[in-house]
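Single chain ahead, written as structure tokens, the form predicted on its own.
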């Protein structure tokens, strides 16, 4: 009887998981499928997940008629700029709060966490005024600077760093190691998996930024891939769905590949973070 109940519960779980998987993957499959369809089939009445006649015309049109390569380079610059600064600053902050013990550590920690509950809409206008006064509007730096530090990234790394035994730091001090050596070889060396996981998550989040780049980037040459998709909407002629889906598919490819190759690091880091927290 117990075996039957267990088999039934497992079967139900698999069915639910399969349904959720289909719901999640369907928009992605529909996007790729639409990018391979001809305009006639794309606007036909029938709903076909697989194209009847595969064509790469939409991709050729995007690569030849639009500045896709420039959009891609802009996205790469802003993504890696945000990634490097955000992860490095978070690592330095987590190291400082764990390595240097003062009575202000806990106050600083909670002060940083408070910023997690402040919505973007509150800081949007002050950030724009600051970027404008610095003369950085319509530059990649304008996208990078407001995201150079992030409380969520800091908290994730801090949870991993605090699990390092204090004896490791003490041994390094006795041996005469300076602070940067301890930072590089002790802390970063013991948190490689967590750093890799948070790095991938930071890259994915930075790659998908939309509203802030839309606000500070105005010229076509400075646009990233996410906001460049907006120009495929033509209110007079109609939305150019074929090239739109082709560009969206190309823009999604780096994120999908990054998650595919590094998903084990992400899952392992989150599981260990939940156990040690």
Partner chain sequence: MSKNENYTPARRRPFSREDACFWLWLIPVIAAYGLFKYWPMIYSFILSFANWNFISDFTWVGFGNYTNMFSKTMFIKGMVNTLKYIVYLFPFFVILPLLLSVMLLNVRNKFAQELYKTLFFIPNILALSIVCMVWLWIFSSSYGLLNNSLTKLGIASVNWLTNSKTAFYCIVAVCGWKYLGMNMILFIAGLLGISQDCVEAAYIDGASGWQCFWSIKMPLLAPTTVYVVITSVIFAAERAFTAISVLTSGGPSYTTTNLSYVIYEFAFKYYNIGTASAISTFTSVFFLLLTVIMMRTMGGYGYHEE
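From a predicted model like this one, the values you see are computed outputs, not experimental measurements. Positions refer to the first chain, counted from 1. Only the largest set of C-alpha atoms that superpose within 1.5 Å between the two forms is called the rigid core.
This next part talks about the form predicted in complex with the partner chain, which is not shown.
Only one of 62, 36, 217, 248 lies close to the partner chain in the model of the complex, with a heavy atom inside 4.5 Å, and it is 248. For the three residues 50, 73 and 76, a heavy atom within 4.5 Å of the partner chain turns up in the model of the complex in no case. Using a 4.5 angstroms threshold between heavy atoms, residue 185 stays clear of the partner chain in the model of the complex. Remark: residue 83 does not count among the residues lining the partner chain in the model of the complex, judged by a heavy atom distance of 4.5 Å or less.
Under a 4.5 angstroms non-hydrogen atom cutoff, the partner chain in the model of the complex lacks residue 176 among its neighbouring residues. Taking the partner from elsewhere, residue 204 is found to have a heavy atom lying within 4.5 Å of the partner chain in the model of the complex.
In the model of the complex, 158, 159, 162, 165, 166, 169, 170, 173 are the residues of 157-175 with at least one heavy atom within 4.5 Å of the partner chain, listed from first to last. The Cα shift for residue 12 between the shown form and the other one, taken after rigid core superposition, is 2 angstroms or larger.
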